[in-house]
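Below you'll find only one chain, the form predicted on its own, shown as structure tokens.
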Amino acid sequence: MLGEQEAQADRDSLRRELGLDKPLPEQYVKYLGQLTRFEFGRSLVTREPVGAEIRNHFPATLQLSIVALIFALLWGMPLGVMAAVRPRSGWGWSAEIMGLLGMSVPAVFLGPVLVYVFAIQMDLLPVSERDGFLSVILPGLSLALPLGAVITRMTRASVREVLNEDYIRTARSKGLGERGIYFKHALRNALIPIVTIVSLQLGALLTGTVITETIFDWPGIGTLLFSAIQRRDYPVVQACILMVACIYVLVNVLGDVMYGVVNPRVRMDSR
């Protein structure tokens, strides 16, 4: 921070300012006390409060994660249901191929490919920055394709298992249409494992967008964390990682709550 030619007096003054002249246990206790007040210290580079920087970047990550989740659900769940209903049809093979490709292709490869095709060759979408809805489509797709592949495979497996239950045969015997059976009865009762995987993946989206945000220059938490690591801005790195852990815990708790919403039998069994 002081450069290579710093004076010892300046070095001692900076250590006192940063609290590095105190014993490590005292520094740690002070840090924990600041966390209880949601104070994460100041950036070593910008000298701005770390909490303010996180608040400035988090809305962009939240927007990107929500858009990616919506894209993934829109194509992942219907394709998974169709693949479960017709496993030997084109839908089934399409789900299998897209599932394998989606989970195999890394974001560091998929992102540049989307940029090359839709931004450079076709000139349809902007490449970077956060400027309107069009700017979120490419990074959203980059995150949604792998997530949608996971949702497709999980939906297919869950729905296929449910289709063998007695109440599905009862619904058919009552003359209920096939679409109502698949999407109203089968899908709803197959949602528990799907909610589980979606909650885990949503936590990963909110906290693991470092590569995608860096590729598309998206001003979110991932970009903030990446730049902080490069600059050795330790208070920012610590705050971002702590936030990652808290978001993961919160999202998993919300996933547990959703079990009772999508399947009332879970609430009855817990009594």
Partner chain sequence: MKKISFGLVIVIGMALIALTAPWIAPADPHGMSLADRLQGPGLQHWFGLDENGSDVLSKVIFGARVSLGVSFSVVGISVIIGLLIGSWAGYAGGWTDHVIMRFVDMFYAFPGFLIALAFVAMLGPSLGNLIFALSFTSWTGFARLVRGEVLHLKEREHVQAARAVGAGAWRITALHIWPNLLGLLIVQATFAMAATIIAESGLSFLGLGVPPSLPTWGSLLSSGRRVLSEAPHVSFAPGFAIMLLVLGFNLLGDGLRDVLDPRRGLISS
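Numbering follows the first chain given and starts at 1. Just so it is clear, the model here is predicted, and its values are computed rather than measured.
This protein has a second form, the form predicted together with the partner chain, left out of what is shown; the following refers to that one.
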Per-stretch contact check against the partner chain in the predicted complex, the hit in 74 to 82, 115 to 123, 132 to 140, 166 to 174 (non-hydrogen atom, 4.5 angstroms): 115 to 123
Site test, 17, 19 and 46 vs the partner chain in the predicted complex, non-hydrogen atom cutoff 4.5 Å: no
Contact residue in the predicted complex, chosen from 35, 229, 29, 66 - any heavy atom within 4.5 Å of the partner chain: 229
Contact assignment for the partner chain in the predicted complex, among 54, 244, 202, 60, heavy atom within 4.5 Å: 244
Contact flag, residue 160 vs the partner chain in the predicted complex, heavy atom cut 4.5 Å: yes
4.5 Å heavy atom contact, residue 185 to the partner chain in the predicted complex: no
Touches the partner chain in the predicted complex: residue 236 (any heavy atom, 4.5 Å): no
Close approach of residue 192 to the partner chain in the predicted complex, 4.5 Å, heavy atom: no
The partner chain in the predicted complex - contacting residues of 211 to 227, heavy atom within 4.5 Å: 211, 214, 215, 217, 225, 226
